[in-house]
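The chain below stands alone, shown as structure tokens; this is the form predicted alone.
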């Protein structure tokens, strides 16, 4: 197998496993069966799969141990809350310099992502919506022009990805999140850093309030998921 083809299979496996973890198809603490995943991914060989595990381990989504192999990383409620507070702070730091430094073409690109996100919302394509949502937030942070800030933000977002996704499964929160994104885009286009900072802070905290209620059953050690309506 060529190096390019091997690399593509590794990346494909990592992308698919990431989606399964984020969507909750693989639960926190669950051991990931290599055989089951290879069958699910149509005969993927062992080497690219194990390399995919290493990619996800680097993102904090998977934990690899000698005795158990790969398991889905399980975080505590405190871990998730602490990370959410960190992300609030990082986006707050990015807001004003982003409004100051962002190029017109970058605003256009973010607006295009926003329109695609709204289309995914209307089509009820939750994973597509979520990926576009995350891309918008990362672009705003990147626009601040601080590579260290961008790097830390991306790493911490990846680590709690499945928990942030969970909040959007609540339909009322999903509706409200789209409306909040309209305001975020408006403040960015107006280059109003102070209002963008406050809107991002409110957006995060509104989302976490719903997410905490939805995932509380996991941390309580029950197997009964609450109603998502």
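Numbering follows the first chain given and starts at 1. Predicted, not measured: the structure shown is a model, and the values here were computed from it.
Below, we turn to the form predicted together with another copy of the chain, even though it does not appear here.
Although the partner is absent here, residue 105 lies well away from another copy of the chain in the predicted bound form, with no heavy atom inside 4.5 Å. At least one heavy atom of residue 151 is located within 4.5 Å of another copy of the chain in the predicted bound form.
A residue is said to contact a partner when one of its heavy atoms sits within 4.5 Å of a partner heavy atom; residue 55 meets this definition for another copy of the chain in the predicted bound form. Interface membership of residue 139, defined by any non-hydrogen atom within 4.5 Å of another copy of the chain in the predicted bound form, is ruled out. Annotated contact segment (heavy atom within 4.5 Å of another copy of the chain in the predicted bound form): 154-162, selected among 131-139, 118-126, 154-162, 105-113. For the three marked residues, 12, 202 and 211, no heavy atom of any sits within 4.5 Å of another copy of the chain in the predicted bound form. Contacts between stretch 80-108 and another copy of the chain, counted in the predicted bound form as any heavy atom lying within 4.5 Å, involve 82, 83, 85, 86, 89, 90, 93, listed in sequence order.
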